[in-house]
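Next up: a single chain in structure tokens, the form predicted alone.
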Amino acid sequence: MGAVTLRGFGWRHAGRKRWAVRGVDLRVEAGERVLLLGPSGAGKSTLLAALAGLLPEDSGEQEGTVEIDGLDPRKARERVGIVFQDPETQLVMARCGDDVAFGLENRGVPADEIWPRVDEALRRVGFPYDRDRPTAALSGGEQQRLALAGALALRPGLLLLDEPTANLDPPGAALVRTAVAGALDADTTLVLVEHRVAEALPLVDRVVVLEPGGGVRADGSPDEVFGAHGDALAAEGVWVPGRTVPARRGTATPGEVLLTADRLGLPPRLAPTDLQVRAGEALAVLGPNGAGKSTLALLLGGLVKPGTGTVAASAALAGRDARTPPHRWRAPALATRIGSVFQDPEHQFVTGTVFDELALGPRRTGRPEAEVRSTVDDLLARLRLTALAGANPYTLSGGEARRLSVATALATAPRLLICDEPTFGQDRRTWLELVDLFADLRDAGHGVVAVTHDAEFVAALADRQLALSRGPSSGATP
């Protein structure tokens, strides 16, 4: 079983004026495979959370009804498995086998059944290690397969996947999709949220598009939905297969060197690496999960002390502090010189509203309040966040949170911007707006460094690429 029924369903998070999702009428039969689409902020993740029974009654306001096999989802949790964008949020044990067994133990499965079910689930997702492998030693793709195994071990009638490949390199994403395709039983219902539609289509037989203002925009087979609505959906932000995106490559010669890394590393997370970052240039940092890309971003951003080698800023970036490494700069100086966008947006949110989050940096640097408000209003409008100015950052969708994290880094107008996976969770429209934003910064003489798995983003924006590889002795030069 795993049938889904929604009648006029809507949900508004506590403290929010705008409904996250509203007016949804939908029926998904047991065994159907559904791709749930819609622009960023249309309510896809909220809808999955509702189906998983993860919206407590005291955390918001509900309209209509949602049922799993005729039951309220909060009473049908044993029938549902869910895998989130970030697998680390689901891994709770130190060993892989124990992590898969955790849910079974919580549900009171007899002890003699647990380990056979753990082994079966690990086998079905193609997990390459035994039960004793430390969860901390897994790559992103391996973590996601382990999280999928944990969901499958519960033998759910309904499997919910919320952008399970968003933060994975292409090989890791392909492995997760293969694991999903091979692990589903014939009668398992699948509801999948995925922005990269073309890669997800082999997993599904039906497409449902949510309307941001409420309700269902389109519902049918992939050919029917994209044939009838493809152009309109692409214009509204859906990643419709076959629609190309324009390039925004630099037209001017890169300027002066802003930052130089010499044998920069942090064993064992990053092998010694050499690179230069220039003004008026967009540099893409590529490589498989586990190669140290996020660590490199933290080191370049002055947020972590190097384990090996050095990071040196030029006078063009640091002025009188050019002889001091960035990790030793005072916080206000660092904020106005180097802006950092973390892979996990929520790791950099510290206030109670979107407006205050954007105002924090400019206020700390001593700008007049009128200038702060003007800067914040401009960023809110540029990144389509104006309607969310009073919202708590932790209630935003994944795509909205990513745009807010980019905006907080830009609020102090840094000369160098370092972003870790800046486009994940974005619909086509907001993705294009981010590309334009980064291109405008680059063309205005700022340096941009982007850690990314997004090949289209690299093709559209990057002037130069740096490829990292895994291994204790690996390094890279541009």
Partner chain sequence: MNHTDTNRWRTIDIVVASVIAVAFGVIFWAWGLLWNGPADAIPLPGRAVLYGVWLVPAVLGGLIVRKPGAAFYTLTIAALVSVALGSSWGWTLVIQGPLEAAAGELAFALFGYRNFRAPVALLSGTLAGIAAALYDVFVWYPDTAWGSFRLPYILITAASSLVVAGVGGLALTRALVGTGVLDRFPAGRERTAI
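As the structure is a prediction and not an experimental result, all values here were calculated from the model. Take the two forms, find the largest set of C-alpha atoms that superpose within 1.5 Å, and that set is the rigid core. Numbering follows the first chain given and starts at 1.
Not on display, but discussed next: the form predicted together with the partner chain.
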With the partner left out of view, is Pro56 within 4.5 angstroms of the partner chain in the model of the complex by any non-hydrogen atom? yes
My question is simply whether Val197 lines the interface with the partner chain in the model of the complex - judged by any non-hydrogen atom within 4.5 Å. no
Arg373: heavy atom within 4.5 Å of the partner chain in the model of the complex? no
4.5 Å heavy atom contact, Arg243 to the partner chain in the model of the complex: no
Give me the residue from Arg123, Arg74, Arg155, Arg249 that has a heavy atom within 4.5 Å of the partner chain in the model of the complex. Arg74
Can you pick the one in Gln85, Thr188, Gln276, Asn392 that has a heavy atom within 4.5 Å of the partner chain in the model of the complex? Asn392
What stretch, of 447-455, 30-38, 58-66, 431-439, brings heavy atoms to within 4.5 Å of the partner chain in the model of the complex? 58-66
Taking the rigid core as the reference frame, is the Cα of Val204 displaced by 2 Å or more between this form and the one not shown? no
Is the shift of Phe349 between this form and the one not shown large enough to count as movement, that is, does its C-alpha move by 2 Å or more after the core is superposed? no
Aligning on the core only, does the CA of Leu379 end up 2 angstroms or more away between this form and the one not shown? no
